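The chain that follows stands alone, in the form predicted on its own, written as structure tokens.
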């Protein structure tokens, strides 16, 4: 039965992935107008008839739709996302160059927000109704309402411009010639402000989920039993309550990890950070539709992979999920 459930769940993810790929394939082709505009941009009118025919043949637009669809799947499995005529580069190379920077800031911000949100949410729920709880709750709700671009610009204005402590743009210092640990330090200094912005904006969601889950767990019978056996407050809080209340937090973290790839568009644009979000902004500004299509596919895969990872982690965190 367990194997059947696992296969059914994997089938659901496979169906969702197939639907996302199909939509990603169909949307550009169903849009009105000349399909060459979506491939070569608005300058397609400057191309000669021979150049137009060459582009149509290269991308397979001269074939029937079902053949284009099969070729699209084949290209995905081989890692061929097409060619950017505006950047004059294969799209897979552009994504390969940008993806590590996005993974760096999203990974660090997710780890920081997870630890901070879980601890603060646990403490707030443990002291529910107190001034500490109300103050933390009000502060988190206020942080949740902050616009990302405003917070990023505030950091640049104060930390970079007024105090001069950290760089305000880019991932590395241009033409610095740094190597070794100095190069790593330079990368981390450039990542501080984007990571801080993403972390501050992500903590409230984790905190609120952990707090409400903790409040439900505090009323369980086994918590009263643990206290009756003489367990200390710290052991009850982190050994019993927090451990059993953390499952919903995993869902929130998985969702945030998946959508962080798309959510970094604003942050990476504000800090001119050369990640995948910045690439999407440049593609939208330059109407580079093939790059946009490939980036959206990467975002979709990231969301599905993050949710699948959460499903795999549930039984490890909560043994009850193994028999549910």
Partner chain sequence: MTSKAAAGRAGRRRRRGRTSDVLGICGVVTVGLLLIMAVFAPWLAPYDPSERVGRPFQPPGREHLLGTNDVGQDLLSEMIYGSRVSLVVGIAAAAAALLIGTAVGVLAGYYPRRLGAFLMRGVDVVLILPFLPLLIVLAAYLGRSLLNTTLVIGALIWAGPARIIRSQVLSLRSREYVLAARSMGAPDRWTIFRHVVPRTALLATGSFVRAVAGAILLEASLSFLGLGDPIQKSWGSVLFWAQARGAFLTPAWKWWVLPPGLLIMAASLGFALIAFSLEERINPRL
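Residue numbers count along the first chain shown, from 1. All figures in this text were calculated on a predicted structure; none of them were measured in a lab. C-alpha atoms forming the largest set that superposes within 1.5 Å between two forms make up the rigid core.
Form predicted in complex with the partner chain: not shown, discussed below.
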In contact with the partner chain in the predicted complex (heavy atoms, 4.5 Å), from 136 to 144, 77 to 85, 191 to 199, 171 to 179, is stretch 136 to 144
_Between the partner chain and 66, 309 and 313, in the predicted complex, does every residue show a non-hydrogen atom at 4.5 Å or closer?_
no
As a check of understanding, the residue in 158, 115, 165, 187 with any heavy atom within 4.5 Å of the partner chain in the predicted complex should be identified as 158
query = How about residue 71: is it within 4.5 Å of the partner chain in the predicted complex, going by heavy atoms?
reply = no
- Message: Even though the partner isn't displayed, in the predicted complex is residue 280 close enough to the partner chain, meaning a heavy atom within 4.5 Å?
- Response: yes
4.5 angstroms heavy atom contact with the partner chain in the predicted complex for residue 216
yes
Consider residue 183 of the chain shown here, and say whether it contacts the partner chain in the predicted complex, taking contact as heavy atoms within 4.5 Å. no
With a threshold of 2 Å on the C-alpha, tell me if residue 17 counts as moved between this form and the one not shown once the core is superposed.
yes
| After superposition on the rigid core, does the Cα atom of residue 155 shift by at least 2 Å between this form and the one not shown? | no
Is residue 72 one of the residues whose Cα moves 2 Å or more between this form and the one not shown, with the core superposed?
yes
